[in-house]
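Single chain ahead, written as structure tokens, the form predicted on its own.
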Amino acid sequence: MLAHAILSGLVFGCYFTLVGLGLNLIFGVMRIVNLAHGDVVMLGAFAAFWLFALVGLHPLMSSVIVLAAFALLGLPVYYLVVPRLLAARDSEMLSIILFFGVQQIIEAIATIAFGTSERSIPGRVLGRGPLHLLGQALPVAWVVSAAVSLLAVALVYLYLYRSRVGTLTRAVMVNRDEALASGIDVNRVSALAFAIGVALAGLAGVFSPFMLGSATPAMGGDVNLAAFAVIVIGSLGDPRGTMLGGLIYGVALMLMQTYMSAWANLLPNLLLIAVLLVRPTGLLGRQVRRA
């Protein structure tokens, strides 16, 4: 049971890394808190569900469509909202208030449009039978979802550390004012990062029916809590810590569900409190600040 819990936790950790990555990228570049992040994940889940239910589109194909569509959606949202937020005296607090309102609107509209019933996609769509890894049997849907998550994380890493625009993005993350003074088009860099963050949330939503069991309009709050736990564990404001935070969260979640299932729903809160009390900067906070 212990070996299965740890291996399952690592698989889930890869997925939760994807869940938190977009949120952390947006905060790292713009220092705004997107409380609508979980509801964007929810919209991605329903997009994948309806594409499968109506036209029989495979979730892997849906992931490409959702990724592109949500990135295109993120650009006008950025230009309509974020520059005004960043011009405010306390942009972080204002962003919490604003995106909380956006979250409520999205959830209300989704409830009216889709109802309150749970929607899911059969796991056999991604593969039949269990997959044996290190002597443990895991659902193929979990492994495929984790593999896609790792691919997305790798692409974000290449974007941040192996491209010119990624270098500019990291400069904005370190100090926005200095980046602006050095001639970097901060607005364009931020718009791209925001679009990528929204696209990553939509992609996480595509695979949420397989990893979280189902999709409902009310799932955004729980997804938000898990995403914040992941990024706080690693390092708030820098995507490099998200992978570590996701793996720790995934393993802890599976251990709790295996040995203390009645307390599993409290795990995000317990991890957030523990990390904030012991190491408020996150486990990689010191290394990030020196980078």
Partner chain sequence: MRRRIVVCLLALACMAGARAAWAQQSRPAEERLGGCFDGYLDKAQTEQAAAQQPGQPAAPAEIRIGHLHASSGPYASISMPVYLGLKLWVEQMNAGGGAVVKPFGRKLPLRLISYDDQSNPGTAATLTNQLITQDKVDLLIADSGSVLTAVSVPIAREHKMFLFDPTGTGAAFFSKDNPYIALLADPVSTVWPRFLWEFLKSDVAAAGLTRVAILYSTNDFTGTQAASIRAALKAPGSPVQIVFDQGVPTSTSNYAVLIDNIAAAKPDVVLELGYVGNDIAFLRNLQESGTKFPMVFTLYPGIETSTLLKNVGQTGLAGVFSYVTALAYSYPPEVGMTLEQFRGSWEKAYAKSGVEFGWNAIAGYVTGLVLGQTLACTDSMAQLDVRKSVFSLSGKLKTLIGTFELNEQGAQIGELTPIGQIAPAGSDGIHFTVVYPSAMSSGKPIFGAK
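None of these values were measured; they are calculated from a predicted model. Numbering follows the first chain given and starts at 1.
Keep in mind that the form predicted together with the partner chain is not shown, yet the notes after this line are about it.
None of 133-141, 154-162, 184-192, 169-177 except one has non-hydrogen atoms within 4.5 angstroms of the partner chain in the predicted bound form; the exception is 133-141. Although the partner is absent here, residue 262 sits close enough that one of its heavy atoms falls within 4.5 Å of the partner chain in the predicted bound form. At a distance threshold of 4.5 angstroms between non-hydrogen atoms, residue 209 is in contact with the partner chain in the predicted bound form. Residue contact check for residue 218: one or more of its heavy atoms lie within 4.5 Å of the partner chain in the predicted bound form. Using a 4.5 angstroms limit between non-hydrogen atoms, residue 67 is distant from the partner chain in the predicted bound form. Shown here without its partner, the chain carries 1, 8 and 123, all of which come within 4.5 Å of the partner chain in the predicted bound form through at least one heavy atom. Taking the partner chain as positioned in the predicted bound form, the residues of 81-116 that bring a heavy atom within 4.5 Å of it are, in sequence order, 104, 107, 111, 114, 115, 116.
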